[in-house]
Ligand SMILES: Cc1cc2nc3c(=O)[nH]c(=O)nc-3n(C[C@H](O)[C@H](O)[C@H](O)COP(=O)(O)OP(=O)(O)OC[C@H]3O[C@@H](n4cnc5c(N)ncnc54)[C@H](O)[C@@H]3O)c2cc1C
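First comes one chain, alone, set out as structure tokens in the form predicted alone.
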Amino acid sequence: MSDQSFATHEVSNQSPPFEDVNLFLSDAVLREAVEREGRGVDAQDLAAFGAATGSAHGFEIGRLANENLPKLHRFDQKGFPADRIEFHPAYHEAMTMSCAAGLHCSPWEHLKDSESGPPPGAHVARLARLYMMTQMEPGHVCPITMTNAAVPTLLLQADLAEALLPKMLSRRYDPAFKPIAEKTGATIGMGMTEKQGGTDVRANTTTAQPAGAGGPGAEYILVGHKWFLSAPMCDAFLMLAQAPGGLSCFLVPRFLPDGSVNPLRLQRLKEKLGNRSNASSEVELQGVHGWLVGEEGRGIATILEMVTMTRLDCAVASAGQMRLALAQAVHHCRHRSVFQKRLVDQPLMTQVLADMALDVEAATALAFRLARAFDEAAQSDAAAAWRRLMTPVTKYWVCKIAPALGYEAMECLGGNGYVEESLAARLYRELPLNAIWEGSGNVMCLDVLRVLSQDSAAAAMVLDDLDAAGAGDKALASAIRDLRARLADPEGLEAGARWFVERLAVTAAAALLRRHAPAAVADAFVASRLSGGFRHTYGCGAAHAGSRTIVDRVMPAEGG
């Protein structure tokens, strides 16, 4: 019998753990986006995945993978170079789940059969799973994303692709450190960034000399370094290096054809703010062997398709993480009482939650509209225009607004959100990442300016699409006129590029919500974001007429 003499209180008025929530069925905004943009995507399969990723076990995988950090083993017990990284079993379990679901390859599986094409909505279906998986454990998504994104770049060098694709398209995760030919599945990473250049990859100093005659598909010897090599236990990497003909793209495997280890010498692992389950390293290339993808001097153009695909993932992942932050906040506020009233019923809190919900719905709608453009770009000029212009626009805006929302969601939980036992603290550290990786905000703006200078028709098609979507809405029509006016002033566009990109993102999101979302959501978003000068101080503007309706839309009252 336990001694109760020092029991000072019983625990009450605490929200239950946020777990065993179906991340698909509980999310009306995601379900509607998939149905609208996916054109026949299997909702039952997504519901099963949503149950797994939102389960107590799924969130425990995420916790363990982030609390037990990767360990670098530079040398073996006899002093020979090892250059291997040890992960906690939870990391491998997350990788196994993602690979089994095809997050690393599903849009390209049709390549196994040269007679078939990708199924309708292939990118949307994959990204719906990514949206949920990044809520469970985002760090391991890095090699998953890079493997998927590497396919279109590798296809530019058919002989290299032919050897790699069967392993890349396998849904069996194989963490073994051995040659690709001996494995059941393979993952691909990317190495572009160097100390002295950062974003400016043309400043890279790593050299690549032909081992023989050189040329597309030929072997080169690389000497230099990479300041960020994420997921260094991938089986191969796409890297940029200076060949005799200029900056070029190379496929660099961990193992050489004779079975020996390629001399990628891992120097240290980065100690990052977040994304801790994922190993990010510095590496020296000590006479590394790589094979040229495409032509010498065309490295940026060759790897650009991979970069574009990763930017799409950044936008979708940030939207998914925003959704998790919001769902946790609403869940807590429905169960927590303050001043004799549930938090969710307090007018101030209702307004804060509703404001957050507007951004999550807008980010999700914009991200999945972009996903559909990737599915349809080969068949439609309008979709190709949306893909080209709106990829940097969407990546910029969604990834930029995510950290502020994560902070506000943490504040909704109070002290419970600021402690490490809470998922909110880990999520908050993760949220700045996607705005930095694969091109920071200014880089996205410069990409938009580049599109506008090279393809004015793309902007015209996108704005025409927004005109049609927002027909009859005066605020939307005014915003589109403002955008067209800015386009007519190219000299003033560069200095005001951030304004233009953000305004285009918000206008596009407003048009999508006006066409597809409930009136309460669309009205509030247009009034606050387009007309009200909203600056992401949640709950600070005029109260939305449908605030409680907006909050109740976030998730079913009893979870999922």
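The shown structure was predicted, so the numbers you read here are calculated from the model rather than taken from an experiment. Note that residue numbering begins at 1 and tracks the sequence as displayed.
In what follows, reference is made to the form predicted together with the named molecule, a form of this protein that is not presented.
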| query | finding |
| --- | --- |
| Which of 69 to 77, 412 to 420, 151 to 159, 224 to 232 sits within 4.5 Å of the named molecule in the predicted complex, heavy atom basis | 224 to 232 |
| Partner contact for residue 96 in the predicted complex: the named molecule, 4.5 angstroms, heavy atom | no |
| Touches the named molecule in the predicted complex: residue 299 (any heavy atom, 4.5 Å) | no |
| Residue 338, heavy atom within 4.5 angstroms of the named molecule in the predicted complex | no |
| Residue 207: touches the named molecule in the predicted complex, heavy atom cutoff 4.5 angstroms | no |
| Sole residue of 350, 391, 310, 280 within 4.5 Å of the named molecule in the predicted complex, by heavy atom | 280 |
| The single option of 443, 475, 377, 85 touching the named molecule in the predicted complex, heavy atom within 4.5 Å | 443 |
| Residues of stretch 263 to 302 in contact with the named molecule in the predicted complex (4.5 Å, non-hydrogen atom) | 272, 275, 280 |
